[in-house]
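Okay, here we've got a single chain as structure tokens, the form predicted on its own, with questions on binding and movement later.
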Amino acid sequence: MSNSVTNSNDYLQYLLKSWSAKSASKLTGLNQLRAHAIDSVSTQRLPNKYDEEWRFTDISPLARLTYPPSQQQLRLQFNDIDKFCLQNTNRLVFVDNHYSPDLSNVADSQIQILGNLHSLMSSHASTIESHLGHYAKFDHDIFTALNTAFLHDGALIIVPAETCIAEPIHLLFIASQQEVSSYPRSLVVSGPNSKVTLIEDYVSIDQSPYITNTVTEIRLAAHAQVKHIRVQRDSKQAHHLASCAVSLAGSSQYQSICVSLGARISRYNLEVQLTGENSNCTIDGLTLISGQQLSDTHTSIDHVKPNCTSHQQHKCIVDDTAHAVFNGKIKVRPQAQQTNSSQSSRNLLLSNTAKVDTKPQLEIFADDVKCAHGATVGQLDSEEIFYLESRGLSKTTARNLLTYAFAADVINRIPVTSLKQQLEHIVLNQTQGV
């Protein structure tokens, strides 16, 4: 089904024709945003290894894939997705980027606005238009521009002021078709003094090839609290391209935990802006890959106002000939005095052919700050392995135990028990016999 194209321009031209073909299904109120995005696509190109932000990640195989936008065709039953569902959560399900109300479940009566962005556009146009596309900019990001151009269904969460959502909200994005492109979109607006836990989960029914290009935007009002758990467990033959943009108002708190397990090639861009005083964010990440996988994580934490705090820890476990990339940037603007920020990149290589490129960065333009960063790349400690062997464990068991402990430090921070148990099982399976 996939035909060869000669370069990135051919690939983008193919998508532009796909966009024209589906222009008949218009979205009232979003046409202008989509039109601006498609104009932006026409002026950009796919990045390559000569671009500084992509020099470790070769996505040229993507230019050879003419995967059309997914169409709504497969009706899954609950038995098909039961293994992905989480206990005691509100759930929105999207199959190949198409909203599935039959598989979704909203049990918390406190949630006044939760559902499909397309369906809620007419009743909440003002709120949606004042936030959608305002944080994830597409002028210089070809994949965000493509996502916006193909925007149709999407997850919309608006948490009213002074509201605490007791049960987590599970956004389940399921890939069921092969050789198609999907463009999931999520918008989260958390009102003043609100509190919510969000789970953004990407899964596949089988190990088929496809492309997922996803964008998430999160806005925290003053004193809001958002916990954001992101899990990427796509097919090992998939391409996963993702961006998340977060904006924090004064005294708000954002906690992010990102776990990347799947996809042949994956890229995740996380941009956090602390735009109000006394706001803070905590970002934890775990990448666990093997075979010929390539996983690239780029983060940017922008301290705009004074008296803000950010702490980041990212871990990679890399086996076989897999390649992990981490680029973390912390920017402190001149007016952001009294900033307290730290960043740590820790990487574990399980084979002599595994590779990690890590690049923590600090850009500090204020003089009254406390900032630190560091990176380590290495293999399992032979003394620790020897210690466990002296206690009766085999060498393989000792290596498995230490590898799992390295990953568990991040997984144990996930506040949703059923999800934590699922990920523990996956990590245990992947760390056996290393």
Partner chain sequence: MIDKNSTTLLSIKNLHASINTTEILSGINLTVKSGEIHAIMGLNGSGKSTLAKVLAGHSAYEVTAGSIEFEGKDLLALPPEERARAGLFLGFQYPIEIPGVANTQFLRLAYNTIQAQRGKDELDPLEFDDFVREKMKLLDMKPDFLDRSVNEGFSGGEKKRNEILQMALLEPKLSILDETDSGLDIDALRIVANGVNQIACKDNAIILVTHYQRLLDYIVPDFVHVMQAGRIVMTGDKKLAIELETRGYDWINADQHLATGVNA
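Basically, rigid core = biggest C-alpha set you can superpose within 1.5 Å across the two forms. A quick note: this is a predicted structure, and the numbers were derived from the prediction, not measured. Numbering follows the first chain given and starts at 1.
Form predicted together with its partner chain: not shown, discussed below.
Only one of D39, D367, E383, E53 comes within 4.5 Å of its partner chain in the predicted bound form through a heavy atom, and that residue is E383. With the partner removed from view, the residue among Q44, N48, T397, T66 that has a non-hydrogen atom within 4.5 Å of its partner chain in the predicted bound form turns out to be T397. Mapping the unseen interface onto this chain, T376 falls outside it, with no heavy atom inside 4.5 Å of its partner chain in the predicted bound form. Using a 4.5 angstroms limit between non-hydrogen atoms, G392 touches its partner chain in the predicted bound form.
Interface residue remark: A372 is not counted as part of the site for its partner chain in the predicted bound form, having no heavy atom within 4.5 Å. Its partner chain in the predicted bound form comes within 4.5 Å of no heavy atom belonging to A35. Taking its partner chain as positioned in the predicted bound form, none of the residues of 321-347 brings a heavy atom within 4.5 Å of it. Relative to the superposed rigid core, the position of the CA of A375 differs between the shown form and the other one by less than 2 Å.
Shown in the overlay between the shown form and the other one, fitted on the rigid core, is a CA shift at F365 smaller than 2 Å.
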